[in-house]
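Listed next as structure tokens is one chain, alone, in the form predicted alone.
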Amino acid sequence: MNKPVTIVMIEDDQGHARLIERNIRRAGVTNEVMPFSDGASALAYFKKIESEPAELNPILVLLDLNLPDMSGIDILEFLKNDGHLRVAPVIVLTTTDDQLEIQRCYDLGCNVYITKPVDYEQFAVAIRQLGLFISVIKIPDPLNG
């Protein structure tokens, strides 16, 4: 029996992190959420789990691009260049709506790119919709990936 998918949330804005978690819970998602507020601690976690069998640590990544210590692009590149972690779905959730940045993220292998609405209520609604999406998507079996 495979372990449930852990949602790895990399978000430096604590208000956004609370809003994201609260609204994916409201959408009925009960998966563990592992929050990181900077890129270095998230990379340390990924490096720790990359040496373990992937089926023991299935993850879905919610990734902000604007982190205090590095770009989320660096994290996306790390994940998509790693033999075990490359199958992990990555949802970029950021304020950046630059078309070149969006294209770059898709070129690097992100699965979904969402621009955070500025308005609080619109942001909450968007995250609830994201929670519904998370509740129905299927993660690849790393043994067959």
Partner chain sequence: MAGFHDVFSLFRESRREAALLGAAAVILILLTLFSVWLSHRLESDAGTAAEINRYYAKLGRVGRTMRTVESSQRGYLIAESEQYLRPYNELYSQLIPQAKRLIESVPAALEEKERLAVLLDLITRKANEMAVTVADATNERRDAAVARLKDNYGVKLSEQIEEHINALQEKAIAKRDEIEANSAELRDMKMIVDVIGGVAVLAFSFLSIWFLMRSNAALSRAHRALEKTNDDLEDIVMRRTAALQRANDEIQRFAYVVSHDLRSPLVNIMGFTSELETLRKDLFERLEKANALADTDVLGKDFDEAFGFIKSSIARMDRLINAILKISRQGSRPLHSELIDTKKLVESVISNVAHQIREKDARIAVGDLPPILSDRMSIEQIFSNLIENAIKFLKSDGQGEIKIEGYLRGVDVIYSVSDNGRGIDPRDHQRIFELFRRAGPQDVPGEGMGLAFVSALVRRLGGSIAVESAVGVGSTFKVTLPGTIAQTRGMAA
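Residue numbers count along the first chain shown, from 1. Computed from a predicted structure; not experimentally measured.
There is also a form predicted together with the partner chain; it is not shown, and the following applies to it.
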query: Non-hydrogen atom contact residue 96 with the partner chain in the predicted complex at 4.5 angstroms; finding: yes
query: Close approach of residue 117 to the partner chain in the predicted complex, 4.5 Å, heavy atom; finding: yes
query: Touches the partner chain in the predicted complex: residue 19 (any heavy atom, 4.5 Å); finding: yes
query: The partner chain contact at residue 26 in the predicted complex, heavy atom, 4.5 Å; finding: yes
query: Candidate stretches 34-42, 88-96, 103-111, 72-80 - the one whose heavy atoms come within 4.5 Å of the partner chain in the predicted complex; finding: 88-96
query: Heavy atom within 4.5 Å of the partner chain in the predicted complex - qualifying residues of 68-85; finding: none
